[in-house]
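Single chain ahead, by itself, as structure tokens, in the form predicted alone.
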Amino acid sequence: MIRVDGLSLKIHGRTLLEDISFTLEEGRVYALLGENGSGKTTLMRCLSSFHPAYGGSILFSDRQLRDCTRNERAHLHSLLPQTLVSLDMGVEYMLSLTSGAAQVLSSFGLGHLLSRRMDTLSGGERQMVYLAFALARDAMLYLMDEPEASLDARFRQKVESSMRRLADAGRIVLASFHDINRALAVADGILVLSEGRLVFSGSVPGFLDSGIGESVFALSRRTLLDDDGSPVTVFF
């Protein structure tokens, strides 16, 4: 279990996160929602030790994140960042830095990319290489900042299947989304940030009942029937 209590962050006098508290449980996928500038990436960076000067507490199984060594933190979290640098190196060499990463890429049907260089890949291909690198690490928490950006429907499905496999193996996944409908389809729990504050943390049904989709994102919603005749809520 991961517990965040009173998390706050100020940089150059500007408040980026304010008094954020929530709990993440093993075996679950969590979707992090919020408009641009709401603090999603900043929150993930705090959870991945990128911003060590935060206020409040981040506990990984009762261990304070700020008190862990670099080697200890490497086994606590794995981050897929939003900004993916086009490195001047071969794909095979990059993935060789993490055991099993090349096999993960091949499981996506992308083994042919191993002979390519990172700076020759498309945005979607580079996204999948970085995802393979992140998934191959053995961690408690997998942080994915906009993991479906630049991906077509086929690879979005592979990403979402990977999230579910991690959760089924007892890991925790926290992924940020722009598309609320994809988040609702994938996640067990929802967190919503607005202007650096956490305005919702709870289940998918709780999110639908809260009216956050309408009040924070100014969206409308409609209930449709899926192929099985079950009702599905869609925001637009």
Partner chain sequence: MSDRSRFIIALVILSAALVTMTVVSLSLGSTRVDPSRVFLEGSVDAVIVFDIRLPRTLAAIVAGAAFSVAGLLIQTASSNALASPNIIGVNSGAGFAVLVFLAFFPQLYHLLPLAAFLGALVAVSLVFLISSTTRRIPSTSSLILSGIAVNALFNALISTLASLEPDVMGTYSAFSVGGFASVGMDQLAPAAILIVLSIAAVFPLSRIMDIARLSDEIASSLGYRPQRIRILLMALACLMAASAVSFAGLLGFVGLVVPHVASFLCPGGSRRTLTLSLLAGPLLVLVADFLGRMVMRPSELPAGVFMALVGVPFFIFLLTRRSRS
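In this text, all values refer to a predicted model and were calculated from it rather than measured experimentally. Numbering follows the first chain given and starts at 1.
Not on display, but discussed next: the form predicted in complex with its partner chain.
Chemist: With a cut-off of 4.5 Å between heavy atoms, is residue 90 one of the residues that contacts its partner chain in the model of the complex?
Modeler: Contact with its partner chain, yes.
Chemist: Does the 4.5 Å heavy atom contact test between residue 142 and its partner chain in the model of the complex come out positive?
Modeler: Residue 142: no contact with its partner chain in the model of the complex.
Chemist: In the model of the complex, is there a heavy atom of its partner chain that lies within 4.5 Å of any heavy atom of residue 117, even though the partner is absent here?
Modeler: Heavy-atom contact with its partner chain at 4.5 Å: present for residue 117.
Chemist: Would you please decide whether residue 136 lies within 4.5 angstroms of its partner chain in the model of the complex, comparing each non-hydrogen atom pair?
Modeler: Residue 136: no contact with its partner chain in the model of the complex.
Chemist: Taking 185, 204 and 217 together, does each of them reach its partner chain in the model of the complex with some heavy atom inside 4.5 Å?
Modeler: Negative, none of the three is within 4.5 Å.
Chemist: Considering its partner chain in the model of the complex, which of 170, 211, 37, 52 comes within 4.5 Å of it through any heavy atom?
Modeler: Comparing distances to its partner chain in the model of the complex, the residue within 4.5 Å is 52.
Chemist: Here the chain is shown alone; which of 94, 121, 104, 149 has a heavy atom within 4.5 Å of its partner chain in the model of the complex?
Modeler: None of the others qualify; the residue that does is 94.
Chemist: Determine which one of 25 to 33, 189 to 197, 66 to 74, 171 to 179 lies within 4.5 Å of its partner chain in the model of the complex, judging by heavy atom distances; exactly one does.
Modeler: Among the listed stretches, the partner-contacting one is 66 to 74.
Chemist: Going through 1 to 36 from first to last, which residues have a non-hydrogen atom within 4.5 Å of its partner chain in the model of the complex?
Modeler: Just 12.
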